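Encoded as structure tokens, the following chain is the form predicted on its own, with no partner shown.
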Amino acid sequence: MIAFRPTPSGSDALLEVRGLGCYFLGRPLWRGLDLTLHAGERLAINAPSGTGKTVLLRMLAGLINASEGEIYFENRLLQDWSMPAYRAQVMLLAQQPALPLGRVEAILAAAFAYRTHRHRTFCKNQVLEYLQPLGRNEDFLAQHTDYLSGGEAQLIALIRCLLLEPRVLLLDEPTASLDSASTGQIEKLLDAWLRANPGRAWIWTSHDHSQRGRIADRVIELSGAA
């Protein structure tokens, strides 16, 4: 039996970071980062380019190891989780997602073949519900990923995340390749997704001050980490 190491008593955080540090070529980009995310929260991260926002999200997603500090999810240390189970609950949407070759519908359905998602069933009607407010219809599902624009690839990767229903969604500039109309559609879709389940939360990186005001309850300035 694994002896799980909990966060300090009294913590009700969904995701918690303590003393996290990020180094590049042996020099710290930031250190001593503390972060607490509760269910239902919308957190935005602001920082200049090159300060490690994407690296932070990849650390939180369990894709790379932190140089220092600890990450907890549901009061359990990251290292005490199996990575497939953790990544099914704390999911990263990359700024430039890499999609496999194939038809859009097949790409979306393929994620449900993984063992960690075996309790879920791919629902085409749910996909169409997500596509409708984005101005897409069923014909979009027949397109081949070879012919998708960067913005369309982001849409597909986002819908795949929403279908898998993580507790925490890590959004790395998710509208960077979209025009203002599409950006508004994505923001509304994500808002509806978060409101549908009070146990969810997100962390969103964005250079856009006005967007941060729309999508976040609070903003963390990453450059302020000691």
Partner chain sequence: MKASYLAISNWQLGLAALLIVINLGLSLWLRLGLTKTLVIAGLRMVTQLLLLGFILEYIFALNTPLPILAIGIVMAGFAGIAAVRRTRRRFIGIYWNGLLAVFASSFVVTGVALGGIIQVHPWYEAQYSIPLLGMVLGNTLTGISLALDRFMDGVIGERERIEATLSLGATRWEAAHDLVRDSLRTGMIPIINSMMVMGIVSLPGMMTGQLLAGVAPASAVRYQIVIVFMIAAAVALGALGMILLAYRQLFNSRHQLRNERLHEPLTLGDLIHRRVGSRGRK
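Numbering follows the first chain given and starts at 1. These figures come from a predicted structure and were not determined experimentally.
Omitted from view is the form predicted in complex with its partner chain, to which the following refers.
- With the partner removed from view, the residue among 39, 47, 164, 55 that has a non-hydrogen atom within 4.5 Å of its partner chain in the model of the complex turns out to be 164.
- Taking non-hydrogen atoms only, residue 150 never approaches its partner chain to within 4.5 angstroms in the model of the complex.
- Its partner chain in the model of the complex is approached by residue 83, whose closest heavy atom lies within 4.5 angstroms of it.
- Taking the partner from the other structure, its partner chain in the model of the complex has no heavy atom within 4.5 Å of any heavy atom of residue 135.
- For residue 131, no non-hydrogen atom is located within 4.5 Å of its partner chain in the model of the complex, even though that partner is not displayed.
- The stretch that touches its partner chain in the model of the complex, counting heavy atoms within 4.5 Å, is 96-104, out of 96-104, 123-131, 137-145, 68-76.
- Within 4.5 angstroms of its partner chain in the model of the complex, the stretch 54-77 places a non-hydrogen atom from each of 58, 62, 63, 64, 65, taken in sequence order.
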